[in-house]
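Just the one chain here, laid out as structure tokens, in the form predicted on its own.
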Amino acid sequence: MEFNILTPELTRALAAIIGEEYAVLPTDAEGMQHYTHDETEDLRYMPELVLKPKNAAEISRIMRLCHENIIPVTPRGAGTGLSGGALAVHGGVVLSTERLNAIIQIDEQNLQATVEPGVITQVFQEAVIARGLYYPPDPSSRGSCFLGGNLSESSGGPRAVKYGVTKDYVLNMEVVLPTGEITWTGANVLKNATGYNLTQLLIGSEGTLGVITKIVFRLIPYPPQNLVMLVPFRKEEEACAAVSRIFMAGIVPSALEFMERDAIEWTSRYLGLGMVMAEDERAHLLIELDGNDMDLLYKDAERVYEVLETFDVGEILVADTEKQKEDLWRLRRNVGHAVKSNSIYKEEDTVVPRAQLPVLLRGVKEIGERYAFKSVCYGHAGDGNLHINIVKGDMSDDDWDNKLPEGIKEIFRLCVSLGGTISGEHGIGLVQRPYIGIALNEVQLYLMRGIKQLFDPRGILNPGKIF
């Protein structure tokens, strides 16, 4: 698909829809910079125009005009993505949802909430907790990411292991289609067998099928008690193997996170926490149990201890205070930032059945030895989601650009051979696009391309992503 460039006349017409004060024009080089990148590596793409609409009606008018003139439109939330999904790779318009930031209603009777996509995830979580309710999905960037972006990638986070990911909490959405129509995707009910499930189709579509303008979430009661422990292992693979054994013992933690030694050391330095590890400790599991009764949590913790006794573990730290809990979670949530501060890196978001985690970790290290790259691994071990941070370090630019992609292909082939796939929560976007054929066959891709064509006949919405 060939796109047209924005003429001065069309630029003025688009800006007039929302008011020029909410448009960033090409002449504002400094204002444009924020919208040229997300958190994916060091990639930058310059849009021709940034628009910050306030409602679905304005977005509808923008989309109609861009559809008529074949102008590419890249929807953007907070720009915290890790797959290049919010990058304007074909120029055109960046459509920012930052002004759609209202919590419209929290319905305590029906345990539902209606919000706009520009609400920060943590702000929403705290608002419903104040009502005794809970929205569990909590990606590491929850303090800055937008709910709309979470839907676009079907984000998960640490508590997905017990509570599920974003898609499990969405009942209905208002969306603007690439051709400008405004529609709802479902109904505000817990059960719905009326036609195709358009709501779930739009979730995880990475902004390629429609622009989300309202979301209806289901909520659950808030579990007020929790217990957090940090468990050191002398062998990385044993830490991975312990994960499935905990579940086999009948325990479902609210979080079960894996961090290898470098992940903790780098992050401790990055945050200035001064953590000291024994020389022989190679990996840690961060385990959280939650519920309503602390006595029951202690009983579950005893069962977890019984499982851990069968492995070669060091001294287990149980957080005694809220400050200790916060520090442990701050450590885990900042691993990605710490790795990024050390070196240019690529983050691969692999996922396998959790019992296969030891095989995946061993395979990643073996592939790294063959291709001469260092990896720092961590992630949501409870649901088999391992984040593999490949750091450039001393690798030559030629090896980084030409040799490393072959190593990444081997990692992805290993994931698929183990019954997994190439992305658990970060999406395909731009950077994983070359590898999608490893995970999906031609029949699957044909169906997906057909869906894209039906929703977006001129291919203007977030072009260059996924396929």
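Don't overthink the numbering: it's just position in the shown sequence, from 1. Since we're looking at a predicted model, the values are computed, not measured.
One more form of this protein should be noted, the form predicted together with another copy of the chain, which is absent from this view; the next part is about it.
Undergrad: Scan Glu315, Asp394, Asp295, Asp397 and let me know which has any heavy atom within 4.5 Å of another copy of the chain in the predicted complex.
TA: Exactly one residue meets the criterion: Asp295.
Undergrad: Just one of Gln125, Ser254, Gln112, Thr80 has a heavy atom within 4.5 Å of another copy of the chain in the predicted complex. Which one?
TA: Exactly one listed residue reaches within 4.5 Å, namely Gln112.
Undergrad: Any chance Lys299 has a heavy atom within 4.5 Å of another copy of the chain in the predicted complex?
TA: The answer is yes: Lys299 has a heavy atom within 4.5 Å of another copy of the chain.
Undergrad: Does Ala355 reach another copy of the chain in the predicted complex if we count a contact as any heavy atom within 4.5 Å?
TA: Yes.
Undergrad: So in the predicted complex, does Leu201 come within 4.5 Å of another copy of the chain, heavy atom to heavy atom?
TA: It does: once another copy of the chain is placed as it appears in the predicted complex, Leu201 has a heavy atom within 4.5 Å of it.
Undergrad: Given that the partner is absent here, does Thr185 sit within 4.5 Å of another copy of the chain in the predicted complex, heavy atoms only?
TA: Answer yes; at least one heavy atom of Thr185 falls within 4.5 Å of another copy of the chain in the predicted complex.
Undergrad: Thinking of another copy of the chain in the predicted complex, which stretch from 89-97, 205-213, 70-78, 366-374 has heavy atoms inside 4.5 Å of it?
TA: Single hit among the candidates: 205-213.
Undergrad: At 4.5 angstroms, heavy atoms only, are Glu153, Asp168 and Ala439 all close to another copy of the chain in the predicted complex?
TA: Looking in the predicted complex, the three residues Glu153, Asp168 and Ala439 all sit within 4.5 Å of another copy of the chain (heavy atoms).
Undergrad: With another copy of the chain taken in the predicted complex, which residues across 305-344 come within 4.5 angstroms through any non-hydrogen atom?
TA: Residues within 4.5 Å: none in this stretch.
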